[in-house]
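The structure tokens that follow cover one protein chain in two forms, given apart as structure 1 and structure 2.
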Structure 1
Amino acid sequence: MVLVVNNVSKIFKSRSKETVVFNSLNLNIRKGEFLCLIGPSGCGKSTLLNIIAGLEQATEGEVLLEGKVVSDPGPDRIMMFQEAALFPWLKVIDNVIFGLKIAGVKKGEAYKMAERYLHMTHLSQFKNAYIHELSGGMRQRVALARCLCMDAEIMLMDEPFGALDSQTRFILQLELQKIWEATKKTIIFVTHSVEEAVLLSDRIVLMSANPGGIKKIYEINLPRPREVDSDAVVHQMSSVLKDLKEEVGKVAKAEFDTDWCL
């Protein structure tokens, strides 16, 4: 177990109300596994990821990283967001080496590493461009290169391909799979696409909302590379989708307060 989420509760308190996101959530993440989190929106996927990243504090409980309690963000757990979160005042390559510079890596060496990852994400020609000159897909690739450049053991990815067109997403999924197989990093990947989850992951964690928590965990023991239209994948997808629909339906019912039905 590289990461242990131990009895973690998260409550957001504002002046008018308290939002209980989840209570006593437990999850063990294995070294080198590709774990997907899915669930209805608002069920706390981002919150859980933020707590693991150390960007958000758990109200109760703790996250243990190789036995040590996580309290701050650190370069050993790099995070990638749904929006690229790139810095507009820096060129592409300087964005990619940002974390390396913080870590004190020499500039020449950092550039060399960055160029390798920019090559991998097919962005070599754009290394001297500014962020606004790139398309959404290219920005997300820069963010991926920046993330990989940090060479962190654990990668936390919050719907990183969610806002992309399906073609770009497909390419980046392949790219990420290759990289993961080559480096055997531990990846926790939030997605709202069941297809993406089944294609990529070793395990899928389905979260439920109100009360938030883990509804079910699926072991995906399918051989790779996986094809979207293979029987096994389709079968797996339909069983996850059924449970997800049920959860989404619950949320919708609570939100719209009618006899909503999917």
Structure 2
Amino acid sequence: MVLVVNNVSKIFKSRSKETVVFNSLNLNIRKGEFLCLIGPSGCGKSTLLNIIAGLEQATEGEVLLEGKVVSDPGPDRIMMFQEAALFPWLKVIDNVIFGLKIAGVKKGEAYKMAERYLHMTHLSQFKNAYIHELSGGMRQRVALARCLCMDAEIMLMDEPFGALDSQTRFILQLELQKIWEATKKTIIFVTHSVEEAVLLSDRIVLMSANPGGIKKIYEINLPRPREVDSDAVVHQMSSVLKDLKEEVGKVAKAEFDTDWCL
């Protein structure tokens, strides 16, 4: 296993109360696998991703990356968010190499690496464009190229396609699958979409309602590329969706009971 989540708990404390996000969570992530985290809102998907990234600290437990404890962000992990967070005053290619410049990579080498990933994300002809000249989908491609350029072993993706229209999202899902197959990166991908999870992943981790935990792990042994309307994909989606609905129902009931008491 490349990454081990070992008895990790996360509790947010305030003056008036403690909120348990998840408790004693355990998960082993294989080298080179595409793993999706799904679950109802508030179950801790993004919090877990942030702990793996080193952006947040676990209250208890530890995350081990190849046997070493994760305590801070590092070059072996790169994060991609729903918002592209690009610099509008820089051209596309300069956005892509920004992290490499900070890391001290020589300009010529950085541009060479950027060209490779711009080609991979079908952005070569837009390398000298400014961000305001691009569509939302193209901006996410720039953000993806920037992540790939850092050549991190693990890519952490927090709903990167969540704000896109369905057509653009589908195109980027296909491109991401091709890139993953070409680069063999380990990808941990947070999504609210069961369809997206089944289309992309080797395994799906379904997290339970708050306090979060792992309700079930699905092995998605379907050949790629996957078609959303194929019988096998539809059957797998139905199975995951049934279990997810149970957890969403718990959240809805808890909110209703709280509102009723108020």
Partner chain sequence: MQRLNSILIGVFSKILFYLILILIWETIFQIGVKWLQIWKPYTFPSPAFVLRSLIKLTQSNVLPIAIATSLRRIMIGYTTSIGIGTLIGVLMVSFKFLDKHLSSLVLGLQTLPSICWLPFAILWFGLNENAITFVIAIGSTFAIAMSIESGIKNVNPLFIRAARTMGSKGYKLYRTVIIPAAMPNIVMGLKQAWSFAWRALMAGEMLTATKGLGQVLMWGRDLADISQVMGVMIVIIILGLVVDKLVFSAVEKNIRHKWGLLHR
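Everything quoted here is computed from the prediction, not taken from an experiment. Quick note, the numbers are simply positions in structure 1, starting from 1. Only the largest set of C-alpha atoms that superpose within 1.5 Å between the two forms is called the rigid core.
- If only one of the two is the form predicted alone, which is it? Here the form predicted alone corresponds to structure 2.
- Query: Taking the rigid core as the reference frame, is the Cα of S124 displaced by 2 Å or more between structures 1 and 2?
  - Reply: Comparing the forms between structures 1 and 2, which are aligned on their rigid core, S124 does shift its C-alpha by 2 Å or more.
- Message: For a quick test of reading the superposition: does L90 move by 2 Å or more at the CA between structures 1 and 2, rigid core aligned?
- Response: Yes, the C-alpha position differs by at least 2 Å between structures 1 and 2.
- Query: Cα of S135 displaced 2 Å or more between structures 1 and 2, core superposed?
  - Reply: Moves: yes, 2 Å or greater.
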